[in-house]
Each structure stands twice: as C-alpha cells, then as structure tokens.
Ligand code: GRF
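Next up: just one chain, as structure tokens, the form predicted alone.
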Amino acid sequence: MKKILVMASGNGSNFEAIVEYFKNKDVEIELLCNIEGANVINRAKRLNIKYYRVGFCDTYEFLKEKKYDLYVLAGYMRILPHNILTLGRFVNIHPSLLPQFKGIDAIKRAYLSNAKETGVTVHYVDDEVDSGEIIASERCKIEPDMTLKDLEEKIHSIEHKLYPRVIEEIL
C-alpha cells in the first residue's frame, strides 16, 4: 500500500478530489494542515481521513518522524524550506501554465492580463516558488465572455481531474 500526505491550507477542493479518486485503490491518504479552522479539516473529518494540524514552524519536526511515498501540496500556502524537501518527493499543482503567473493569485493575474489561455501545471517542488520540473499540464482557453468566477471554476475542474491522475502515475 502506498501512503501519501496531502498538505493543504485552505478550502480543500483538490484534497477532496484526490480522496475521492483513490477511494477504492490501494492508497492511504492523510492530511497535514497548517491553518487553524481551515475548511480542508472539515472535509477530512467528513471523509474520515486522518488529519494533523501542525503549525508551519513545527512542520519539519513532525515530518521527520513520519514516512510517506509522496507529499502532495494542494493549496499549501507556504514555501517549503530545503530541509523539508530532503524528506521525500513533493509535488504541487499550480493554476497556470508555468512558468507564467508563478505565485499567488495566478488565475486572477491571467484573467486580468487579457491572455487567450491559461491552464494548470503539476510539478515537483524545489527550493524556488513554482519552479520545479514540470510533470504535466493542461491548457484552458479564456473565452472573451468569461467572468473571473467562470475561469476559476474551469481551472478547478481541470485540477480535480488532472492532479489525481498524475499522482497515481507517480506512485
């Protein structure tokens, strides 16, 4: 059985998509959240997934005592220091076609830039923000009549399908 740790800080829609995808597969999923009261914890409770609430400053000490086959960032809104990255393989999903629109608010920045397309990228995590080796990406057209909310929904829909498949391929 493979064991993955999903690291998330917010709403948790990608976390839930990953859990649902692996529901009847030989994969054990746990959650690490660094934010008190984050909605992803409510999702973990509802989905009966073991979770840990660990402050960012304590993350290394927590992780060095555990062993996972893969560490999956899903809206984990912190930059991981090198000592944490030495503990295993870390992947991240980003809502743009990297290297465009690295960092926060990527969907909004793509939308406001009048770009014709954006997308989703899954990549390995390295010491720089959204700079690791790209594993997979999927394009998304920005239609002229789209609102920002429309684009966000379309991007999240792509993320929820792409990320679990890529995780499975890596495992």
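Since this is a predicted model, take the numbers as computed values, not measurements. Just count from 1 along the sequence shown to find any residue number.
This protein has a second form, the form predicted together with this ligand, left out of what is shown; the following refers to that one.
- This ligand in the predicted complex is not approached by Lys154, whose heavy atoms all lie more than 4.5 angstroms from it.
- Interface membership of Leu80, defined by any non-hydrogen atom within 4.5 Å of this ligand in the predicted complex, is ruled out.
- Shown alone here, Val91 lies farther than 4.5 Å from this ligand in the predicted complex, counting heavy atoms only.
- Contacts between 68-90 and this ligand, taken as any heavy atom within 4.5 Å in the predicted complex, involve Ala74, Gly75.
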